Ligand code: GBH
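One chain follows as structure tokens, the form predicted alone.
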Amino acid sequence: MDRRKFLQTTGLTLGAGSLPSLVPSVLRAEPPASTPAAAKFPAGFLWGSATASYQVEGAVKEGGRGVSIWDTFSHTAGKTANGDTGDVADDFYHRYPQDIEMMKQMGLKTFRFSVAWPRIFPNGTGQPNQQGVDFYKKLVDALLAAGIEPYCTLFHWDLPQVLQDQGGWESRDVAKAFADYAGYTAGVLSDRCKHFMTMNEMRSFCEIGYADGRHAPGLQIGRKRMAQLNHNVVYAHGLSVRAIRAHAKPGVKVGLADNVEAATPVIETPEHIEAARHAMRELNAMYQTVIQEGRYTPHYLKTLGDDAPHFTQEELDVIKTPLDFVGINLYTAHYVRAADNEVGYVSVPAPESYPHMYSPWLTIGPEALYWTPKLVSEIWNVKTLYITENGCSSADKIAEDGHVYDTDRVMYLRNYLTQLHRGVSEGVPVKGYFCWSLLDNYEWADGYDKRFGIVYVDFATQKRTPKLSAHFYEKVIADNEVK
């Protein structure tokens, strides 16, 4: 059977045109009576996608934007794959109206974006840049006009370089500057945007940027300084929650997007489930645990010894400022098993043969999307959760017929969403899901080699091509269920 006849029998078309052209008729057809029941989500469940400013915007020298640590880092020889930078990225700064139209065609209910701190305060503090403010106002207005609810992240790693020169997150003054920036930005956008996240993935930008040195600002500062930096970051988060509430319009909801270490029982037996419960608190002691509980676990402080951070009770109270919701960024599972030791668990490392996506670190563990929100909700009594990132990298190519058949990503999403539904059906309070990412984009130190988008981007021409995964996701949204 030739390729054309095969595609005809499966309902796929050869055209590479508009968004619906890739949706096969077999997906649109009513399922036969023998098909197992689909995983239906509650009415009103929010389906969305997510991006980040430096990864998509480009226009780094336009609109009064200042220099960020990622501008500096990516332009330093040897720091990124192929020397790639975010100078142009997806050119979202200019192309967001077309991208929003594409989101609307997909049926997205919500969109998570981040504000570039250097667009609002080019020098980190001082006089705000009105051009930057106006850009985000126009972006949010365009989303609302398309019927898409905006969710705003205030820090997704593009720290103003001026502030890094003053000590970066090692400085308490920078923590206070972040609160000032967050409060001001939420204040000017809160007449349009009702959901704000303070920071994205504290663990990532702290540990990869300041301990490993693989991300901006590219430092390796040692354990003692790292412990204090981590404390300064969660303190900055707490200060910013208070600043947002002080400056934003009434009714605004405040949370964060945290890549919690996804403690997952290696086998679902009572002893391993209990081990995962202990692990969730200890593995996240310096981030989510102290934010939720207002204290560091004794084991965490004992492990650090003389390297433990200096802090006051007043700072812990600020860090514990209550949140309206918690966002979870989740890609992989951290498997644990029960153990007769001080913490009640040990980690189970993945064997060399463990399946993973195109990024070597992205091992496949769908059940983490069941256990992580479940444990976060139960341990800390969190009433509203969102999956603020979930997705995967793939070595996507455009086929001869003009389509992108990322069947691996469809497999990944279907399995993870099935596990998410398992939790939601049991009452875990997840209210929405943001697929990472809408577009192939600048993947930090990996440059443009690792593609995470459900929309393919030809970075030479900026042409967008929705992938098979985009049409799979479109179907999930339309039916509010996973099949």
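Every value quoted in this text rests on a predicted model; they were computed, and no experiment measured them. From 1 onward, residues are counted along the sequence shown.
Keep in mind that the form predicted together with this ligand is missing from the display, and what follows is about it.
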Handout entry: this ligand contact at residue 55 in the model of the complex, heavy atom, 4.5 Å
Key = yes
Problem - Non-hydrogen atom contact residue 329 with this ligand in the model of the complex at 4.5 angstroms - result: yes
Problem - Touches this ligand in the model of the complex: residue 131 (any heavy atom, 4.5 Å) - result: no
Exercise for the section: Verify the contact flag for residue 389: yes if a non-hydrogen atom of it lies within 4.5 Å of a non-hydrogen atom of this ligand in the model of the complex, no if not. Expected result: yes
Exercise for the section: Quick one: from 92, 136, 157, 235, grab the residue that has a heavy atom within 4.5 Å of this ligand in the model of the complex. Expected result: 157
Exercise for the section: Report the residue, out of 434, 41, 416, 444, that has at least one non-hydrogen atom within 4.5 angstroms of this ligand in the model of the complex. Expected result: 444
Completion exercise
Within 4.5 Å of this ligand in the model of the complex, heavy atom basis, the matching stretch of 299-307, 367-375, 76-84, 213-221 is 213-221
Practice task
Run the contact test on 200, 208 and 452 with a 4.5 Å heavy atom cut-off to this ligand in the model of the complex and return yes or no.
Solution key: yes
